[in-house]
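Presented below, as structure tokens, is a lone chain in the form predicted alone.
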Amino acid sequence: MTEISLEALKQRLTLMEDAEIIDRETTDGLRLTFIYLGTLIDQERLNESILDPLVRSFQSSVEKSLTTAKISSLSNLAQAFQYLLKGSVLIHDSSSGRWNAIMLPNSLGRSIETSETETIMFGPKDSFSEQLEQNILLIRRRLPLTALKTERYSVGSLTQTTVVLMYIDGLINPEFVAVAKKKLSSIDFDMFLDSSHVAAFMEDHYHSIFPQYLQTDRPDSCAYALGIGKLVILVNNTPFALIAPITLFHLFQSPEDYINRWLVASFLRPLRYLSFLLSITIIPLYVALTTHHYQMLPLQILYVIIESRSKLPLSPFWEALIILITLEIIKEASLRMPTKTSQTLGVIGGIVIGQAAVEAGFASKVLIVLAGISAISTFLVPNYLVTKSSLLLQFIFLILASYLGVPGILLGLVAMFAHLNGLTSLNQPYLAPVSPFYWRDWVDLFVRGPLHAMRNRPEALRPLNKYRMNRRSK
């Protein structure tokens, strides 16, 4: 290890305009050198808590002068730069030759705001921000436990991104923690600017279109996940946390499920599964029936479709393909534009272009209605990543329907569920508790049972403490 020297530090800090090197002498004659990056540290705290007390001190060392500060002793040059780049001020005592570091990170950042990706009518409104320590605080407020462990890792050779692994010791299955630690320790990449980058290196099946880590910006969702035996991964400079292990069914659950009355939540949850299936199959089904199985349609519906398509020059497949691509262009454009403009774009895209497409003879009225139902159905799924996955599935099913008809759609569904059955999240089955079968977990699966009935934590997670209630109160 290279020893720390003032010359070596100055050489590495060349052409860094925010680098500051200042000398001070204390009242007792102690000569100190302070080195820091002005953009990374809190200058006000530096003056009030470090410089002023030290200069007025009569003590013989930094440690004795700053008894309330957390001082880290430095032993080599690499360690000194590591502290410097994370918002520390380095202090060199010329009389003793010792180097110390005190963390003074700049707390610049946005305040706690309402979640924009997982909005709910009732319940907690706060969401994560880009500040890691603040995100840990939001979870610790909800789980004031000494058993709530936080382990830090650094990933990315360029970004040196701090990643925090959180879990409740004595509750979570140790196997999950061991797998997560192994995956985090083995990450070898240069840049991590978002939690999704970390998830990409920790997923068991990175070619799959289905997410294997749940991304959320809600602290209450993370606290709930920790409380039932999952782990949470926080990434510095990103407002989204990762939750694992998950199953397909977790992606259809909303935080509001546990706030609504259980009968209402039990009605809404199956509606989301149905909406997902509708979003990926309703247009392919239209193409299959009008191309291969029109004789299966009731006569009245067949008349409507024939009348609607009588002047169209395109086949049902090309008609559906053009409308779906146009719809996705409008959706992507509305996401990239300012909020007020995107609303106008939605109206223009949905009404004006849709009506114009019908009148110009590019699409039938029936298909426009089905495209609208399909688009709205995707928004019932709470997870944004699943919504994007459904888009790709819709195109695959459309191609199968155009060549094979309804059997093609069924073949696609069988292949999709076979793929889901082979997926894992943190080495745990993706379709649990359906496959493998855990009947006790069905109380919070397709429906949401009353909280009083959820006495046990999910059996599929195999927690060390499986009871959520005091057993004597049963």
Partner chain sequence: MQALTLFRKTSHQESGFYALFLTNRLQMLYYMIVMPSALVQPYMLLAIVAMGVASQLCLYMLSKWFATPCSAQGYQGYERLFGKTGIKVLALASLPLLLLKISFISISYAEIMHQFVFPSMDREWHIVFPFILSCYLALFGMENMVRFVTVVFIGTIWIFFMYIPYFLLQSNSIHDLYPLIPVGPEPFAWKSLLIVFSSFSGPEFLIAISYWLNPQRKMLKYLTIANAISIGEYLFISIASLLFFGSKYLPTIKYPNVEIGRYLQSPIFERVDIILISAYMFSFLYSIALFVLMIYGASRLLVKMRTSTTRIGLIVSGCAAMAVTLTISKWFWEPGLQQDFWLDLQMWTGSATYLLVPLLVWIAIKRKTRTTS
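Positions refer to the first chain, counted from 1. Quantities reported herein were computed from a predicted structural model and do not represent experimental measurements.
FYI, the form predicted together with its partner chain isn't displayed, but the following is about it.
**Message:** Only one of 148 to 156, 234 to 242, 298 to 306, 221 to 229 has heavy atoms within 4.5 Å of its partner chain in the predicted complex; I'd like to know which.
**Reply:** Partner-contacting stretch among the options: 298 to 306.
**Request:** Could you confirm whether G29 comes within 4.5 Å of its partner chain in the predicted complex, counting heavy atoms only?
**Result:** Although its partner chain is absent here, G29 would stay clear of it in the predicted complex, with no heavy atoms inside 4.5 Å.
**Message:** How about P407 - does it come within 4.5 Å of its partner chain in the predicted complex, if we only consider non-hydrogen atoms?
**Reply:** So P407 counts as contacting its partner chain.
**Proximity of W442 to its partner chain in the predicted complex, heavy atoms at 4.5 Å** = Yes, W442 is a contact residue.
**Prompt:** Does the 4.5 Å heavy atom contact test between Y273 and its partner chain in the predicted complex come out positive?
**Reply:** Y273: no, not in contact with its partner chain in the predicted complex.
**Request:** Could you tell me which one of R141, K125, R98, H293 places a heavy atom within 4.5 Å of its partner chain in the predicted complex?
**Result:** It is H293 that has a heavy atom within 4.5 Å of the partner.
**Request:** State the residue from L289, L370, L251, I187 whose non-hydrogen atoms include one within 4.5 Å of its partner chain in the predicted complex.
**Result:** Filtering the options by heavy-atom distance leaves L289.
**Message:** Using a 4.5 Å cut-off on any heavy atom, which residues of 420 to 451 would contact its partner chain in the predicted complex?
**Reply:** Read in sequence order, the residues that approach its partner chain (within 4.5 Å, in the predicted complex) are N421, G422, P429, L431, V434, S435, P436, F437, Y438, W439, W442.
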